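Just so you know, structure 1 and structure 2 below are the same protein chain in two forms, each on its own as structure tokens.
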Structure 1
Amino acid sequence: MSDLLERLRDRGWRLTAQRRVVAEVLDGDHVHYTADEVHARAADRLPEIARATVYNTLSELVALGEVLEVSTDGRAKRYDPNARHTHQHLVCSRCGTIRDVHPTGDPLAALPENERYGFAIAEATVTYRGVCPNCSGS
């Protein structure tokens, strides 16, 4: 059973066939699908699944904190099931591929006190940008 499915079962979330297939599609490392990509993959497994069901399920998973909604550079929102482990994202500026990365150090500590302007900072999100090997030809 996938990590996401286990977490949802532990919460007592009702796993209908539709919800289960959406969770299965989201399972894996470096998964960052758009809602349409989730729907297409879910429909391969469960042809009768409606696009609205996928969107509603993704919204519920985000509201539960089990999936992160990732937006980069005005592109379509993507959904990241790696909500339990602190990480940042590496984004290809050409094709939009997203990879989870785990840099060393604390990004909160990197902001000097005089640049905090009295804010009580709770979190920092860092996005690394570059060109992936597929787009660079390497």
Structure 2
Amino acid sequence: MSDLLERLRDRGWRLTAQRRVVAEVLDGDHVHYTADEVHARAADRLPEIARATVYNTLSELVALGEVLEVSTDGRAKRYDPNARHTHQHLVCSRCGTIRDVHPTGDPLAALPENERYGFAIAEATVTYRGVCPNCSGS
């Protein structure tokens, strides 16, 4: 993802300091941050960055298909920089951490025509929930 900024500029994205730090935060560790976590980390480098800017930038990255939005349960949305390969998520029901996983097969194929109720189905997401090794010990 090191050429993310380049790809975006090629697509006419105006490059600002704020957008750069947000992209760098996502690029750094391969973790799934919430918007506020992204904001906190971006503010380490650019203290005056506004929350609204982080939200705007994240939405744009999602719209551009560079980042995925993952919402688990009622908690804050998390942002997944690994939008290149399709994958699903494994969520710890205690601590909320997320791991990317790659199940076999296509869940879309498992939904028979007579169960589609006329919807134009665009995607199927699978969420596995369980207790991670870290949390099961305690």
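Rigid core here is just the name for the largest C-alpha set that superposes within 1.5 Å across the two forms. All residue numbers here refer to structure 1's sequence, counted from 1. Computed from a prediction, not measured in an experiment: that's the story for all the values here.
*Asks:* Between 1 and 2, where do we have the form predicted on its own?
*Replies:* Structure 1, which is the form predicted on its own, differs in this respect from structure 2.
*Asks:* Rigid core aligned, does the Cα position of Leu64 differ by 2 Å or more between the two structures?
*Replies:* After core superposition, the C-alpha of Leu64 moves less than 2 Å between the two structures.
*Asks:* Determine whether the C-alpha of Leu90 shifts by 2 Å or more between the two structures once the rigid core is superposed.
*Replies:* After core superposition, the displacement of the Leu90 C-alpha between the two structures stays below 2 Å, so no.
*Asks:* By how many angstrom does Arg116 shift at its CA between the two structures when the core is held fixed?
*Replies:* For Arg116, the alpha-carbon shift amounts to 6.1 Å.
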